[in-house]
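A lone chain, given as structure tokens: the form predicted on its own.
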Amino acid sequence: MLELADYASLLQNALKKNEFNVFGCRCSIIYSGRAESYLPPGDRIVIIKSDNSLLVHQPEGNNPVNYMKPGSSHYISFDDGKYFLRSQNLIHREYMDIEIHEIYFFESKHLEDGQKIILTGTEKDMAKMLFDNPSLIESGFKPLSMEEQTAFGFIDLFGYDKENTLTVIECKRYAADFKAVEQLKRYVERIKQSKGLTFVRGILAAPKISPNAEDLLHQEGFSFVSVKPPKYLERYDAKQKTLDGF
């Protein structure tokens, strides 16, 4: 079984390689930067990534209890018979001293991942769903185009209602708020100017809308339609039996 000194030596060598390092330990932490803090001894997971960011996790919870930003520097020191992992980020004026009382495990690897997460159920997905299923907006709605460009950005969906009135649809994947109403208003006004029209309908499509935003929406003469974004990867089924159901 490795002693603390052996682990400290392994960690010091690994830090020189800019690899992904993770170790479980009992430690206490002093931090100075975004705030001043002291974390008494406890069991934690310490992660140092190849960009030299550092995260400290407790056994429960998904957020780090403390962290250092990318570009930090880290080194092991032995002072007064104690081992410390010392970190600093001079640009952000942040400092962290982790006193390591015991290390339970340690791993260092070169990891590669250049992929970016691909979101589903986005506002673009909502617009596509409504374009393909116009009755979700209202009966008789005829979609014309998606991603119509204006000086203020891209209109999610453009079309005509059953009265052949030009209509702008603004999609929001979460609850619509004041900003969503104001954005819709800007798009409607822009289309009225560019098309030389005196009236253009505005519809806000979202799962829900705040009461204040709905009041403003009606004041502007616009409409709200409750629409949930498509969830192509959803695995939860409200009808699915739990273990208690068997």
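Numbering starts at 1 and runs along the sequence shown. Predicted model only: the values in this text are computed from it and were never measured.
Heads up, the form predicted together with the DNA isn't pictured, but that's what we're talking about next.
Just one listed stretch, out of 60-68, 39-47, 196-204, 216-224, contacts the DNA in the predicted bound form at the 4.5 Å heavy atom level, and that stretch is 60-68.
The DNA in the predicted bound form comes within 4.5 Å of a heavy atom belonging to residue 122. The shortest heavy atom separation between residue 157 and the DNA in the predicted bound form exceeds 4.5 Å. Interface membership of residue 52, defined by any non-hydrogen atom within 4.5 Å of the DNA in the predicted bound form, is ruled out. In the predicted bound form, the DNA sits within 4.5 Å of a heavy atom of residue 212.
Annotation for 89-115: interface residues with the DNA in the predicted bound form are 94, 96 [heavy atom within 4.5 Å].
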